[in-house]
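Below you will find one chain, with nothing else, as structure tokens; this is the form predicted on its own, and questions on how it binds or moves follow later.
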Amino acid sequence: MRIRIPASFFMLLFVAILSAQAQTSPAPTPPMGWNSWNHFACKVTAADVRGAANAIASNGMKEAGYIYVNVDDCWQGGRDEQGRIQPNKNFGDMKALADYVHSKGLKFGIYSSPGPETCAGFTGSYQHEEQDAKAYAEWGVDYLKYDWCSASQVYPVSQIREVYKKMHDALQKTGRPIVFSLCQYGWDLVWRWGKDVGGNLWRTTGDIQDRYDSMATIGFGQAGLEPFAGAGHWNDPDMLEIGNGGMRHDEYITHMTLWCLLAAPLLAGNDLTRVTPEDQAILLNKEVIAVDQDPKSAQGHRVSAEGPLEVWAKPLADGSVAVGLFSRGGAFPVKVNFKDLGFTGSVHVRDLWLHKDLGSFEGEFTAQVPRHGAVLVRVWK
């Protein structure tokens, strides 16, 4: 007797498989935390890292989802006679530092390069990939940012995929779950192959600067990359500059709004021990963060653009849609048509920055957006 299996069964099975894969990934949602580079650069010390961990554990960031405390470049010393990587005098015992971060209920991240040297000229992982991966696992590392830098001195760019896969395989061999962050500036259209070499996130651009033009060029330039993002594998437009002082309040609102619509990793890059209440409120807005961390794992897309005015949308797991209204020029009214979001009839609108239900609207919604600013709403039937 032939048994007919309904098509819906296979669809449910497919969804279950995707869900299981997301749960086993070390980055089922975009990673959130802190990275030392944007503020401290090469002046960073173990004390700064402990200070960041203390702040995250006590200021509400941990509860909001910021769990990674990542040391960027400049922690390395040389290698001992056995070739084992050593921290420099500013860091000392890396396992002790990782243990301290873990004691706060947080996770510990580190940085290296596949080349002989890092971007700042410190010791890279070239020809020591397995040895370094083993050391990281023994220290208790949970996240590795792997920055191309001097790799161009020893590898042709045509080998970039094999080079990154080599470190991924070394990390896998340790048996420790470690988020693998590819930092190669979008070279070779990395979004097309980053997942295949084991990347959990991959930089799609050059380095961000704490200026509106840099942030806007990078953020709005992510249009079209949404098909390549999903649970466990994220496009990375670089770290957050919120709190470093180079942009105005409305510009930092745009920064956070756009990164959350992009399902981007949220890695604060400021001095968490010296943050203003206004900047902290941007980093801690749980309704906005929920857009970034939504379990549907969709990256937002650009709905429309009219000169300096842009509308972006991100579908959410509950059937609602997060919508960002942006003005890259002066203060203007910005409109979204609900039909462009797949809605007809009366639609509910909630402002996520103001934590305020705005009511029901027919056909469209318009908001006054400040210069270089953003309005973020959630809409649903």
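From 1 onward, residues are counted along the sequence shown. Owing to the predicted nature of the structure, the values given are computational and were not obtained by experimental measurement.
As for the form predicted together with a further copy of the same chain, it is not shown, yet the points below apply to it.
- Think of it this way: in the predicted complex, a further copy of the same chain has a heavy atom of just one of Ala281, Ala305, Val154, Ala96 within 4.5 Å, and the residue is Ala305.
- Contact annotation: of the candidates Ile160, Ala298, Ala170, Leu309, the single residue with a non-hydrogen atom within 4.5 angstroms of a further copy of the same chain in the predicted complex is Leu309.
- Partner contacts here mean any heavy atom within 4.5 Å of a further copy of the same chain in the predicted complex, and among 219-227, 286-294, 71-79, 146-154 they occur only in 219-227.
- Three-residue candidate spot Gly198, Trp202 and His355; no residue lies within 4.5 angstroms of a further copy of the same chain in the predicted complex by any non-hydrogen atom.
- In the predicted complex, a further copy of the same chain lies within 4.5 Å of some heavy atom of Asp188.
- Using a 4.5 angstroms limit between non-hydrogen atoms, Phe343 is distant from a further copy of the same chain in the predicted complex.
- Remark: Arg192 counts among the residues lining a further copy of the same chain in the predicted complex, judged by a heavy atom distance of 4.5 Å or less.
- Within this chain, Phe332 lines the site of a further copy of the same chain in the predicted complex, having a heavy atom no more than 4.5 Å away.
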